[in-house]
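Heads up, the chain below is alone and in the form predicted alone; it's given as structure tokens.
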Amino acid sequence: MNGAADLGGMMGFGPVQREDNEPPFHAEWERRAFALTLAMGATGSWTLDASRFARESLPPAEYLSSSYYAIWFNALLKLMRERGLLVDGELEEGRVLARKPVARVLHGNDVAAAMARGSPTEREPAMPARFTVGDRVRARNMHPRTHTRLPRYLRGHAGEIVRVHGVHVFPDTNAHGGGEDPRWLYSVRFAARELWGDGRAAHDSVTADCWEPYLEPA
């Protein structure tokens, strides 16, 4: 969707402020928000892509005025409310008022192994790849109201396939209960001048990973 999270290529937000030796968390609540998000994701109540959509679909004013982990936490509350895992009054009272079972529970002594294992997205191909390295392609000019990983600033622009990653879970369907629908995934290099005009340096480029349904021959 074209939400506040899709900031690539936009102007007016000022420079990115880097923090030297930045810690993973700036406050204890951030650590807990991260842990809660991982623990609830491990229950299988939603997919990773669904959690991304929950974050990007927060109201723009809320998204842009929130810190990184505040966005994670607010999206977690949204996901839990939608699935009946959090009911009115529970946050205020700090206790469970309506217990609902989940498919899995991530126990503390299993966290390290679960983090090391991750959630691989590569799948066996069911059909040959449509494109190969060196092909010229164009990102489709698409504006879905649902989840997509195709950045807005790439849509309608031409680039070159520089790597084929194999077949991976397609986030556009996986975020909304439509199944994994595995599709070929490519790295596509776009010239900066193609994206932002002749004022950019001739040698500058952006490389983005794009699923096959995002692309058409250029």
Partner chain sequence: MSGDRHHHDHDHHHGHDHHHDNSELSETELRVRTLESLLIEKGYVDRAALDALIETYETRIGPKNGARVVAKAWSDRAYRDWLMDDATAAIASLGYTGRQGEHMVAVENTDKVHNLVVCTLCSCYPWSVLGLPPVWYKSPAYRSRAVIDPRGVLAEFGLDLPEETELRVWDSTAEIRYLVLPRRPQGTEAMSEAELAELVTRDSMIGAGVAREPGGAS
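Note that this is a predicted model, so its numbers are computed, not measured. Positions refer to the first chain, counted from 1.
Below, we refer to the form predicted in complex with the partner chain, which is not included among the displayed structures.
- In the predicted bound form, the partner chain stays beyond 4.5 Å of every heavy atom belonging to His143.
- Proximity of Asp198 to the partner chain in the predicted bound form: non-hydrogen atoms within 4.5 Å are absent; the residue sits far from the partner.
- In the predicted bound form, the partner chain stays beyond 4.5 Å of every heavy atom belonging to Leu58.
- Taking the partner from elsewhere, Asp6 is found to have a heavy atom lying within 4.5 Å of the partner chain in the predicted bound form.
- Contact residues in stretch 16-35 (any heavy atom within 4.5 Å of the partner chain, taken in the predicted bound form) are Val16, Gln17, Arg18, Glu19, Glu22, Pro23, Pro24, Phe25, His26, Ala27, Trp29, Glu30, Arg31, Arg32, Ala33, Phe34, Ala35.
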